[in-house]
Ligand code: GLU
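Okay, so here's just one chain, in structure tokens, the form predicted alone.
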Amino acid sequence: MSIVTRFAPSPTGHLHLGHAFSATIAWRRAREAGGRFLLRLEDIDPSRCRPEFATAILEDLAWLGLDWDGDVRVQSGHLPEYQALLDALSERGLLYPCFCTRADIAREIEASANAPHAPDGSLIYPGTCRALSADERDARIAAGERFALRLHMQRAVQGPLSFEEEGDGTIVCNPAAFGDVVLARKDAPASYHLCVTHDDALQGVTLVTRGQDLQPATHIHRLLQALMGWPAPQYAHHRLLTDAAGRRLAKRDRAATLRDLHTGGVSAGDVRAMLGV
């Protein structure tokens, strides 16, 4: 079977060295194996994604010397596909509307003697709206109250799950530890978890290379793959690049971008040497 990898950034800012590191790993794995390297733009969040950043991603990757196979998949152009998935899960009784605001959830958690945390460090949703009656849900929806859609984790988990992590072998999954995760937000038509899992299956991705910070999310992704009958790719979660203070490079911390390096006279070859891949 031919290897298929992908790089799937969100166009919410310019690419930095951490992005270049991840993209280069995926590109090199595909090229060395004679496989395919795909580029996907995960632009579901309308409040943060910008067309100019999408254009810049293509330009920066080309400058770095990374080419991709086929057309770029732009998630915002496939919203009906994600809605169809939500509809299918809803028909199976696996989703419920959540009307809680962040403040509501924070108050509920504060009232708890011991607020539980998911493996990724996030607080677990206390399940406030899970207990609402069908009549109350329908009334609140009819009144125009905004809501997210959460996965009813207790109903969704039906049996043991695992994934293959390159170098570590079989990892046993525990998606229930994340609680009722959001699959459609109030301000976005679908969540990262739903879109990335669907697209990896649709595009035939066989090897997912991404940062270690996303390994916990794989537990949720394997559950969605099982629920929808999608194949499970192999995973290779790589180390994260950090700054001098040991913090991982991130847009929110204004990490130096590839554009900064380029305009500052650093060559693409210099960047590749910095990355060491």
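Since the model is a prediction, treat every value here as computed from it, not as a measurement. One rule holds for the numbers: they count along the sequence shown, beginning at 1.
The form predicted together with this ligand is left out here; the points below concern that form.
- Proximity to this ligand in the predicted complex, defined as a heavy atom within 4.5 Å, singles out one entry of A226, L214, C49, L61, which is L214.
- With the partner removed from view, the residue among F178, F147, Y192, Y96 that has a non-hydrogen atom within 4.5 Å of this ligand in the predicted complex turns out to be Y192.
- At least one heavy atom of P9 is located within 4.5 Å of this ligand in the predicted complex.
- Using a 4.5 angstroms limit between non-hydrogen atoms, R222 is distant from this ligand in the predicted complex.
- Contact check for R36: no non-hydrogen atom falls within 4.5 Å of this ligand in the predicted complex.
- Although the partner is absent here, V205 is not a contact residue: none of its heavy atoms lies within 4.5 angstroms of this ligand in the predicted complex.
- In summary, the region of this chain contacting this ligand in the predicted complex, judged by heavy atoms within 4.5 Å and restricted to 121-129, 178-186, 154-162, 192-200, corresponds to 192-200.
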